[in-house]
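Below sits a lone chain in structure tokens, taken as the form predicted on its own.
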Amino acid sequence: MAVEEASGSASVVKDVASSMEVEAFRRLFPLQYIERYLDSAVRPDGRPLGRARPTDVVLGQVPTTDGSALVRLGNTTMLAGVKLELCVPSAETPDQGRIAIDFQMPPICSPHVRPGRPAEDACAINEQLSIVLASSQLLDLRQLSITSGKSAWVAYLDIYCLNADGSLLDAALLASAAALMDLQIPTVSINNDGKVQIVSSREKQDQPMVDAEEGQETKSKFVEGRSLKLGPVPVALTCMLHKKHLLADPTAEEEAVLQTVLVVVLDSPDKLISLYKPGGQVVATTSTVMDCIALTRLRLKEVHSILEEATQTHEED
């Protein structure tokens, strides 16, 4: 019995020592560590090279917003919220509202983000989100119009990165689209002078209003609240290029070591919205780009299915 216990203890110690050696090798030689997996066509987390991480979308997570969503892409976590405010449309686009996008990476999301300093990736992702949403047909800004040339909605779309573990644009774009899917435009009243006011659900019935200056009774026109009719949802897929290998949806560890990135955005299998490659040591050949687009097509179908399931779950709740 004592011999068996001693043998078991020795086995545990050996396993711990082996685990410590692997972790030490991972920290000291991160590139070689990952390459050992890539040579076997697998990732350190067990995924095949072309597979994205498990993705979860939950709508309506912030009750103080007009629309919100929480997205988890592996460990990468994004929280998006939309707040609506009344505005006067610009003279150039009198029949359209506006959307203002703000992507933020607080210090809690990554040890590489310092308090008091803007994250290097935040500005780039904010610009990419703006370009993708403007280039795609997801949101027709005419739906944010109330009265042509007089009143419209401005949608403030804020995306917070809660955990930055790679593929930030993929998760941020998905969270943005999901929050817009959850968006509910409030009911408003418009009086004879064109003044617009947000009304509560108890004030939806048409009630007379009295003009205080002239003492005349006027009626307000009520515009019922509604959800947006969105177009095809754009989906981004970040790919890493390393030697002959192509990795989909990299983690932060893989991004830091492999460095060469290519991001593809599609909103339908045959419509390319964006192709982004910010430098890197590996040249993206035509064949490589087509392989990335093929992976994005698969991801597009998968993400649209996830969004449909999230919508059904939210409606049931």
Partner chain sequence: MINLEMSEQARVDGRTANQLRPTLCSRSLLERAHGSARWQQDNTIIMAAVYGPKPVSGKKEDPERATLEVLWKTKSGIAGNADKEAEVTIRRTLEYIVLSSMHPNTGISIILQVVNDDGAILACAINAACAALVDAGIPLTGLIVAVSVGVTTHGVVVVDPTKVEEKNFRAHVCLVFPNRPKCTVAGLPAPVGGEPAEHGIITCVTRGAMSVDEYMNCLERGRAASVKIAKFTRTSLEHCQRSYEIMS
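Computed from a predicted structure; not experimentally measured. Positions refer to the first chain, counted from 1.
Unshown form predicted together with its partner chain; subsequent notes refer to it.
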> Just one of 245-253, 42-50, 258-266, 22-30 has heavy atoms within 4.5 Å of its partner chain in the predicted complex; which?
Replying inline: 258-266
> Is Lys271 close enough to touch its partner chain in the predicted complex, meaning at least one heavy atom pair within 4.5 Å?
Replying inline: yes
>> Just checking whether Arg299 would be counted as a contact of its partner chain in the predicted complex - the rule being heavy atoms within 4.5 angstroms.
In response: no
> Hey, in the predicted complex, is Leu295 touching its partner chain, heavy atoms inside 4.5 Å?
Replying inline: no
> Is there any non-hydrogen atom of Ala284 lying within 4.5 Å of its partner chain in the predicted complex?
Replying inline: yes
> For the stretch 78-112, which residues lie within 4.5 Å of its partner chain in the predicted complex by non-hydrogen atom distance?
Replying inline: none
